[in-house]
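Only one chain is included here, represented as structure tokens and corresponding to the form predicted alone.
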Amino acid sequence: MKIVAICGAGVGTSGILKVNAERALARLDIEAEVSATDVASVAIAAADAQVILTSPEFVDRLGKTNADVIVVQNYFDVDELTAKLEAALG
């Protein structure tokens, strides 16, 4: 399974999302490859992804995707990420 975390520059917020998504996936005992990238690279980086993690301000910039888009309100809230990943993957 491939999960891509998206933010504006692909280095800060998406990196935080990546680390916390890995923590949430460990809680759920789900193995997945999680990567972080910028919104301009989403078409390539998430072409074969099952899940895209992002914040509300980037949802409209994602374009067409077959992945489940999970909108995260608080990047530091592993409980929120765990609940949303469980709902999407469960």
Partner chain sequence: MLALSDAGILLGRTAADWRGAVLLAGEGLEAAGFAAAPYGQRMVGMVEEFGAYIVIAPGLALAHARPGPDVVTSGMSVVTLTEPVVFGHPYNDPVSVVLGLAVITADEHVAGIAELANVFNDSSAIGRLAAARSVADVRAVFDVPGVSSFRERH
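Residue numbers count along the first chain shown, from 1. No experiment lies behind these values; they were computed from the predicted model shown.
Keep in mind that the form predicted together with its partner chain is missing from the display, and what follows is about it.
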Contact label in the predicted complex: C7 to its partner chain, heavy atom within 4.5 Å: yes
Wondering, does S35 line up within 4.5 Å of its partner chain in the predicted complex on heavy atoms? no
Is E31 a contact residue for its partner chain in the predicted complex, using a 4.5 Å heavy atom cut-off? no
Using heavy atoms and a 4.5 Å limit, would one call V39 a contact residue for its partner chain in the predicted complex? yes
Checked 16-32 against its partner chain in the predicted complex; residues with a heavy atom within 4.5 Å, sequence order, are I16, V19, N20, R23
